[in-house]
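Following this are structure 1 and structure 2, which are two forms of one protein chain, each written alone as structure tokens.
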Structure 1
Amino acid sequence: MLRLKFEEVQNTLEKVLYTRNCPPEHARKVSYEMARNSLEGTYTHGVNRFPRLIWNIDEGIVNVEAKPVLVNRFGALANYDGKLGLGITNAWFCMEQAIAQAKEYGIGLVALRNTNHWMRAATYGYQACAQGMAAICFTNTIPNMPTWGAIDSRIGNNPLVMAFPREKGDVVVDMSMSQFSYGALELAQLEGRRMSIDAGYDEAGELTRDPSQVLKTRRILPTGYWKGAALSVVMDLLAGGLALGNTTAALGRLGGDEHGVSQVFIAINIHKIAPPEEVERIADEAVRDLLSSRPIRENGRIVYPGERSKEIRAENLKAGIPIDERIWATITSYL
């Protein structure tokens, strides 16, 4: 495992993007956010995912130059066409628009169609928090999970973000609608581990913690069983409907690697109706109460959502970002 400085990682990713004729503004942003994803512990959607982004650019699924184009706007509500641009810059742009609308109207919603993978969902929650706003965002995905009671995959494990700004540390939830990602199952299989809880169904149709069984059946478990399956469906309709874009069903028909997804960004200008110091006091008291929970294990630790990511960032800033040699070799081979 390498340990590389954030700046080195970002510079390298940026240089690779230039080999794909990426405009500087986009190359800087995408390299920054993907290096930051690894810096803050979301390795799956950071450096590890970068080679796949390059393949997606090379196969023409991702257009490095495209910018979102306004489709319709009414007051605090707008939808954009992402023109199959880079997922990160498209999503960032739309959250900025939602924030601008929230500055004017108190709340803003932007829906985005024909876009690409936004990588770490939490990014856009933190983006709003950095401007003192709360946020709700979600995206749809290709069909990769069976709905409740079904065998075949017709819904997506669509991630949901809810973010709350706090001076002592933003509280950000970034949860996908499958209990585990395929990536997590593959990693566990590689390491010969079982999952800590049920991860999906085996060939006999029973719940199992064995990742290789679930990888065989492709029947991953929705988060909260029937609940996450249902939430996935309604988020898909909201994203597809508001953006006039692809739903998971339509994404399935496109074929190839995932592209053309639909997303929703909501920014909430909380301090326009609630004094900042009062909000901070309310939130701080709630977080302190949460953290005073009695852990199950003797030296167990209770954290608030987002706390670990802040700590990993500090650790990786000091020690360098851990990066697999083979992945780094692949990335530098593009230069």
Structure 2
Amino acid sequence: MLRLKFEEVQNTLEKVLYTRNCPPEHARKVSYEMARNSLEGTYTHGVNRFPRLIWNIDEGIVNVEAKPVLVNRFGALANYDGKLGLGITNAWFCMEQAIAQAKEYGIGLVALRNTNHWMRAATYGYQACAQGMAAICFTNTIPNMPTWGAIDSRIGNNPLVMAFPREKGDVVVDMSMSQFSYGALELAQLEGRRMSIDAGYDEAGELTRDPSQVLKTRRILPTGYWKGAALSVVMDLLAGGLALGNTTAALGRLGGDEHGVSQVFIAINIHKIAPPEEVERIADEAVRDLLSSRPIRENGRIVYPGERSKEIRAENLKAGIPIDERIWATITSYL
């Protein structure tokens, strides 16, 4: 396992994007965010996924020059067409639009169609928190998960982020509607380890913790069983309907790697109706109570959602970002 400085990782990713005629402002943003994802511990949607992004660009399903185009706007609501642009730059733009609308109306909702993978969902939650706002964002995906009680995949493991700003540490939940993301399964397979709990079904239809078996069957387990499956369906309808874009079913008919997804970005300007000091007091009290929980294990530790990423960031800034040699060799081969 390599340990590379953040600046080296970002600079290398940026140089590779230039070989694909990526505009400088897009190359800088994408390279920064993907390096940052790995820096803060989301390796599956950081450096590890970069070769797949380059493959998608080469296949023509990611347009590095595209920018979102406004389709319609009404008050605090808007929808955009992403023109199959880079997922990170499209999503960042739309979150900024939602934040701008929330500054005016107290809340802003922007839906986006015809876009690509946004990488780490938490990015857009932190984007809102940086401006003192809460956020709810979600995306649909290709059919990659069976609904509860089914064998064949007809719903997506649609990622969701919910974020709440807090001076002592933003509270951010970043999760998919599957018990584990496919990226987490791929990372476990790469590292030769099993999942901590059941992740999906093997070829015999039995629950398994073996990531290789789940990757083979593509029968990933919904979060909360039938509850995660139900949430996946309604999030898909909201994303497709608000954006006038593809639902998971429509994405499954496109063929090729995942592209043309629909996303929703909601920013909530809490301080329009609540004094900042009161909001901070309420949030601190809730987090303090949570952290006072008794851990199951003797030396166990309770954390709030998003707390570990700060610690991983500090560790990786000091020691370097851990990167698999095989993945880095693939990335540098593009130069």
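Nothing here was measured: the structure is a model prediction, and the numbers come from that model. Under this definition, the rigid core comprises the largest set of C-alpha atoms superposing within 1.5 Å between the forms. Here, a residue number simply tells you its place in the sequence of structure 1, counted from 1.
- Either 1 or 2, the form predicted alone: Note: form predicted alone is structure 2; the other is not.
- Query: Has the Cα of residue 192 moved 2 Å or more between structures 1 and 2, judged after a core fit?
  - Reply: Yes: residue 192 shifts by at least 2 Å between structures 1 and 2.
- Rigid core superposition, residue 182 Cα moves 2 angstroms or more between structures 1 and 2: Yes, its C-alpha moves 2 Å or more.
- With the core lined up, does the C-alpha of residue 257 move 2 Å or more between structures 1 and 2? No, residue 257 moves less than 2 Å.
- Query: If the rigid core is lined up, how many Å does the C-alpha atom of residue 203 shift between structures 1 and 2?
  - Reply: A shift of 4.2 Å.
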